[in-house]
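One chain follows as structure tokens, the form predicted on its own.
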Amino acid sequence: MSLGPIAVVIAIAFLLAGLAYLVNSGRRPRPGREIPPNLAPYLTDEDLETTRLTKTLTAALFSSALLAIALPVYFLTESGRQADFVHLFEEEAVHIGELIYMEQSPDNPEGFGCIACHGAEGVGGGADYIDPRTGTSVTWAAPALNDILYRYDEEEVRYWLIWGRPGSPMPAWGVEAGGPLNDQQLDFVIEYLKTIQIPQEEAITAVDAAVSTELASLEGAAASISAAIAEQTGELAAIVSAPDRLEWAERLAADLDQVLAGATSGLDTDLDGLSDDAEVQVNRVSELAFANVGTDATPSTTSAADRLILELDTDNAFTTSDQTGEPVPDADAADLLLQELESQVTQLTPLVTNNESLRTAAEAALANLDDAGAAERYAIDFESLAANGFGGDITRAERAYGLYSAYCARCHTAGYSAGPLATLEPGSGALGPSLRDGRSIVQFPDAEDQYDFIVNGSVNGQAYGVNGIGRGWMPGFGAVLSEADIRLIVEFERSLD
């Protein structure tokens, strides 16, 4: 606690004590009969002008001196106290913003799960999403937030928080746009984002790694699409086979339920609660069930399949073991088999109920994937690119593409965030305008204007290029990219046809 408040408290205490003394000194009882206080004569001047007056004046002098010292001390410490309070408030705001950023849990009811997509401390990540153009399930690339304030100012960050990004997994968070967060909560999130911004040197150093990642992704695009086609083919097969598998699982579950209902009747050699005949029937159901799970049309996990493999021994009450190696009683293993079959029935029922619509969507998604694999719209002919815009220098052309993909494609290439299977030609346009067909040259006849625009970004309501009006959506990259790299991006965008 600072000295100012303490000094004020002491001064007030002295003042109150002096007033009490003066009041009480005039109300002392007198010898003889008691005279009402309002009729009793007060001390004469001769009586007052004694040590009593001296003491009173001395007390007043000390009280005045104390006040004269305390008030300046309080004044001098007040600014520091206010600064401490501001710092405390900022720390609390950051803490609440972090809680909002984290996942919701019993210990954190304020969480809204930003971390699920953008990663711990905003390093970036991905979100499960159904790409609207291909109809396939993808991992949508969520951008890093630990360098966002090098690209956007706080008001622009607030805009994206409020309104989200339509056509992506990023929802609207602000109350103004129908989201759950009020203005103060958005302030808290922004305060938290400020604390996780990496040093500028680190953001600049990360450029080379980002370029390498984009080039590696391009190199592995065909394999990625092939894997997606194989997965989608399996999903379609699972949907097509769902009615037969559901009928099979229901029948086996009913058979096993009937077997277990009469499992105690008959000879029970190992005294495990299952008759020898019941164990033989359980093994038969297990074999049939596993054969069904093992079909290519069934997307089952190894652990689920393992639970369906039972070879109960009529001479051993503990034929199987769980995943930790602990022995499992045969009766419990049979119950687990029944639970697994019933679980299959539960999982397959929605596939059968909505089979026609799911099948149509899966077939369309597979057709789109086949088309993406055949068209290779994401592909880049670096030799042609180098010849058209980089004087034949393939190394510069590759770096220019890597820079564009890492820092520009999210907004200016359709499908980029959904991965190669949904990516169209570079510069095809998405949240940001298309850059193909020489549109960069039309918008910026002077390349230097385009360079300045990429360095500084757009400002809401401020003109740029030819007839361009900024909305604050275009970030500025001057704080994270070198002049040479930005000029490579300019060359790449102006070479798109």
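No experiment lies behind these values; they were computed from the predicted model shown. Position 1 is the first residue in the sequence shown; the rest follow in order.
There is also a form predicted in complex with a small molecule; it is not shown, and the following applies to it.
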Point to revise | in the predicted bound form, residue 14 touching the small molecule (heavy atom, 4.5 Å) | key: no
Review point. Do residue 178 and the small molecule share at least one heavy atom pair within 4.5 Å in the predicted bound form?
Key: no
Point to revise | 4.5 Å heavy atom contact, residue 70 and the small molecule in the predicted bound form | key: no
Point to revise | the small molecule contact at residue 329 in the predicted bound form, heavy atom, 4.5 Å | key: no
Practice item. Would you mind picking out the stretch of 117 to 125, 320 to 328, 343 to 351, 264 to 272 that comes within 4.5 angstroms of the small molecule in the predicted bound form, counting non-hydrogen atoms? Key: 117 to 125
Review point. Tell me, which of 56, 443, 428, 456 has a heavy atom within 4.5 angstroms of the small molecule in the predicted bound form?
Key: 443
Point to revise | The single option of 414, 259, 421, 189 touching the small molecule in the predicted bound form, heavy atom within 4.5 Å | key: 189
